[in-house]
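Starting off, we have a lone chain in the form predicted on its own, written out as structure tokens.
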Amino acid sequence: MDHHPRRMRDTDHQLHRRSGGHGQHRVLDLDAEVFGDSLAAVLDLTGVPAARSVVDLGAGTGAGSRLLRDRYPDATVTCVDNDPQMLELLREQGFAVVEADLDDGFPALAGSLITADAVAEAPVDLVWASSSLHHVANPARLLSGARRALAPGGILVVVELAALPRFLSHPRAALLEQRCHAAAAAEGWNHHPNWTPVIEAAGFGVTRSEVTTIAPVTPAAGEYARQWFSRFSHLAALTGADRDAVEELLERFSDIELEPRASRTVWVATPE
């Protein structure tokens, strides 16, 4: 899910800036495994019963791409990313891939860019941008290209985390988690705008919704929560006392009561 190796994409946040190689891939897959139901619920909002061509902008390890392929088994799912390592993973999963930097605009399926006078070789029924748009230098240009690429009746879906995932249920622990989130926000984690006016300016009508998922407590959920708090412990904005509390929490993490939950904001857009 990385458009810029220099600005490592983080599955909705800066968590993965501290994870490279296999570690990064594992964290991306954990997010999909734990909160995959929320992305399935996002697809329920699109109103697209069938598709022939789907484009996943910033596909990363393919978590969203696999969901799209499961939902639309007859569609060609084209994965766009600029990370060669990610693209090789996607090829191994059987996806069509396009290597492109989304800062340069919406890529055509053959890999060239869509300009004001050109469209993709095949109209696209669904453009999917999950936690990728806020990494793009010129979102307006990318969205305008997406609009030109869409088939009649096609849909653009933009997804962002509404807030960082929460894992702790005990009131005292939940307060510590809340302070960690505040420190993360102070350092710019999960920063993105309300995309509604930007999407509308690109020529779309937009419906904005929010999807919240409470995930089951599984080993993957525990591992994912531990990954979060391990990275919280490095936040410069965290007080010393809270950093000590996080370290103590990590030492006894197997005994912590979890309630994994996450909310995502969804913009479903149709060309006007």
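When you see a residue number, it is the position in the sequence shown, counting from 1. Because the structure is predicted, anything quoted here is derived from the model rather than measured.
Here the subject shifts to the form predicted in complex with a small molecule, a form of this protein not shown in this document.
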Inset, instruction - Mark T76 yes when one of its heavy atoms lies within 4.5 Å of a heavy atom of the small molecule in the model of the complex, and no otherwise. - result: no
Inset, instruction - Decide whether D83 counts as a contact residue for the small molecule in the model of the complex under a heavy atom distance cut-off of 4.5 Å. - result: yes
Legend entry - Touches the small molecule in the model of the complex: D101 (any heavy atom, 4.5 Å): yes
Legend entry - in the model of the complex, V55 touching the small molecule (heavy atom, 4.5 Å): no
Legend entry - Selected contact from L68, L28, V34, A225, since only one has a non-hydrogen atom within 4.5 angstroms of the small molecule in the model of the complex: L28
Legend entry - Residue among R141, H135, R179, R166 with a heavy atom within 4.5 Å of the small molecule in the model of the complex: H135
Inset, instruction - Sort through 83-91, 197-205, 179-187, 143-151 and report the only stretch with a non-hydrogen atom within 4.5 Å of the small molecule in the model of the complex. - result: 83-91
